[in-house]
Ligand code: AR6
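Only one chain is given next, in structure tokens, and it is the form predicted alone.
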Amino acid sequence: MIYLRMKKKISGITIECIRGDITGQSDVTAIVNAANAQLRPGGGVAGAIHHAAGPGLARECRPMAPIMPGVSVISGGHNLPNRFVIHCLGPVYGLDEPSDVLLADCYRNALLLADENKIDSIAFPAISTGAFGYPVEPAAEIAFRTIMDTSPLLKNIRLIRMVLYSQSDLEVHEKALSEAD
């Protein structure tokens, strides 16, 4: 279900914020998993994605693990409505440093990997803001600054969506998107 939407266009790419479920984005080619290092099912976004995708996702991911913070890898979507899942390991706030650089690497690397795979649309969760403890406001600013900086390099992506679970996270991300240049 989509609750609210804010859009901005840059370099021919629509960037939008919505409130919803990352596993319900049937109109995008790839979704991003806020993964753990072992790319296994877990809680939060990773748990929801693995649950919706089915056991084939965990089997496909096993040989790609472990990954380091900031790294992105790609798999099939399995039982999801999306063709691909891009898995990113975000930084644990206060532990993985420099956390701002590692978080930016997640967004940049996911976008570049999607573009290399000729993906035209991608949906992100708010990486590292759940169990990994990254404060939502600076995380949103880093996400949109990185998206804006990376957008001119993208040849295939035409839609970048931030999917936020709560109304308060949506509001923070809408504000960050409206202020991003």
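Numbers for residues come from their place in the sequence shown, where the first is 1. Quantities reported herein were computed from a predicted structural model and do not represent experimental measurements.
The form predicted in complex with this ligand exists for this protein as well; it is not shown, and the discussion that follows is about that form.
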Among the candidate residues I127, C61, L113, V28, which is the single one with a non-hydrogen atom no more than 4.5 Å from this ligand in the model of the complex? I127
Only one of G43, P55, P135, P152 has a non-hydrogen atom within 4.5 angstroms of this ligand in the model of the complex; which is it? G43
Pick from 65 to 73, 119 to 127, 152 to 160, 138 to 146: which stretch has non-hydrogen atoms within 4.5 Å of this ligand in the model of the complex? 119 to 127
Quick one: does D21 come within 4.5 Å of this ligand in the model of the complex, counting heavy atoms only? yes
Contact test, all of A35, Y165 and D169, partner this ligand in the model of the complex, heavy atom 4.5 Å: yes
